[in-house]
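Only one chain comes next, encoded as structure tokens, the form predicted on its own.
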Amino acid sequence: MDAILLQILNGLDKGGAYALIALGLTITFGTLGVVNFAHGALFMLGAFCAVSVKALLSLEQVTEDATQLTAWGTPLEVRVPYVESWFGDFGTVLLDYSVPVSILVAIPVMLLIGVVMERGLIRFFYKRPHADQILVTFGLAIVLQEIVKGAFGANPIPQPAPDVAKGMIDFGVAVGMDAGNVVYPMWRLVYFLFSVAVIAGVFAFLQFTTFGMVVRAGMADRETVGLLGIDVDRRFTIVFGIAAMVAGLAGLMYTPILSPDYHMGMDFLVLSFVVVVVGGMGSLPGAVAAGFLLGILQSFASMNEVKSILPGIDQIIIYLIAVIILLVRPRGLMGRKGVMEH
């Protein structure tokens, strides 16, 4: 029982990442009809927002302390981050919480990147075949990867979680098991709760606001909404920006779990497209449900007991489940009737 609970917990954070990326992909496909292969690059750019903010906060002021000498008899250099010299203890807290603080920077930055992408490139491919969309967005993703590689290097850059979230939580005690049987990293729980909050926020925005109502109507029948005098294009531009922001925040908060590097977006993108197809093309609830389901299944497949019976199953489990579901239900778990069925 403790092994089952642990694997479910292990699958939640990765499932949260899959769900957030798939949610953005589904919004983009459902509203604009665009297959965006640059979406994984947005996940990566969000992660590097955290790297940039950490680097900025870590800039140091160098002074010489004449009362302390080095082995060569010269004054000792004292390095203090500017935020600590300017703000004291608050500066220390900013450094410690650099990843959550990065959210304040990432939200406007990722919104702007999404709007620029949509206005500058994506809108010219709305009526083009999906193959053209895939080629141009995949090319854009490679360009963004190389820009990040040139700016930050090819090696992963560790991003520590805040000290308060570096510990472990003993879930075994909470459910009546022996202490130490089921321990779980605290930041992974933070990430899961964060992903749930973002998903809930996106659904609430689309469900309970006038803007969201128009977007949902546009997803169902864009032409009719346009005939009502509503500027659908402007609203869909904002939706693309929101999708970019969701992907960026997913990558930003994942940095303490997986040190960011320039190709991390591609690693998640392919799996997230599988999640979208399994959940149902254009289905937001399907994308979220499939994200968490496949994350948990992948976690179970990574158990040594399972791999000893089926070697390599952890590498193919998501694709295997996708094949089975699409053979039985071509439109996916929650896809609209007729989508992917002709």
Partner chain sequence: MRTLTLSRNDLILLAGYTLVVLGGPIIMAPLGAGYPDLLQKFVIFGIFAVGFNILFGLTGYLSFGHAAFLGIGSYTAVWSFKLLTMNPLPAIVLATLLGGLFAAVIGYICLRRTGIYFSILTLAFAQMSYNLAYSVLTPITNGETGLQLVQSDPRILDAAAGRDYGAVLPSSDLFGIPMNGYPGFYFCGVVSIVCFYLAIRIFRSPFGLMLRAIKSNQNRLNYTGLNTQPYALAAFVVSGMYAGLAGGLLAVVDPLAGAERMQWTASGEVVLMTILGGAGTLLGPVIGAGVIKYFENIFSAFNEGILMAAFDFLPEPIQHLMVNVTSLFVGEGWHLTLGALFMVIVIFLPGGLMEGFNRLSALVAGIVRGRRDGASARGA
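As the structure is a computational prediction, the values presented were derived from the model and not from experiment. Numbering follows the first chain given and starts at 1.
Although not depicted, the form predicted together with the partner chain is the subject of the following passage.
The partner chain is not drawn, but in the model of the complex it has no heavy atom within 4.5 Å of F292. When contacts are judged by a 4.5 Å heavy atom cut-off, P75 does not count as touching the partner chain in the model of the complex. Though the partner is left out of this view, L9 does not reach within 4.5 Å of the partner chain in the model of the complex, counting heavy atoms only. Under a 4.5 angstroms non-hydrogen atom cutoff, the partner chain in the model of the complex lacks F300 among its neighbouring residues.
Heavy atoms within 4.5 Å of the partner chain in the model of the complex are found in exactly one of 203-211, 119-127, 238-246, 87-95, that being 119-127.
Every member of the trio F138, K149 and L326 reaches the partner chain in the model of the complex with some non-hydrogen atom inside 4.5 Å.
The listed set M281, V306, I296, L57 contains one residue whose heavy atoms approach the partner chain in the model of the complex to within 4.5 Å, identified as M281.
Out of the listed residues A197, V164, L112, V143, V143 is the one that sits within 4.5 Å of the partner chain in the model of the complex by at least one heavy atom.
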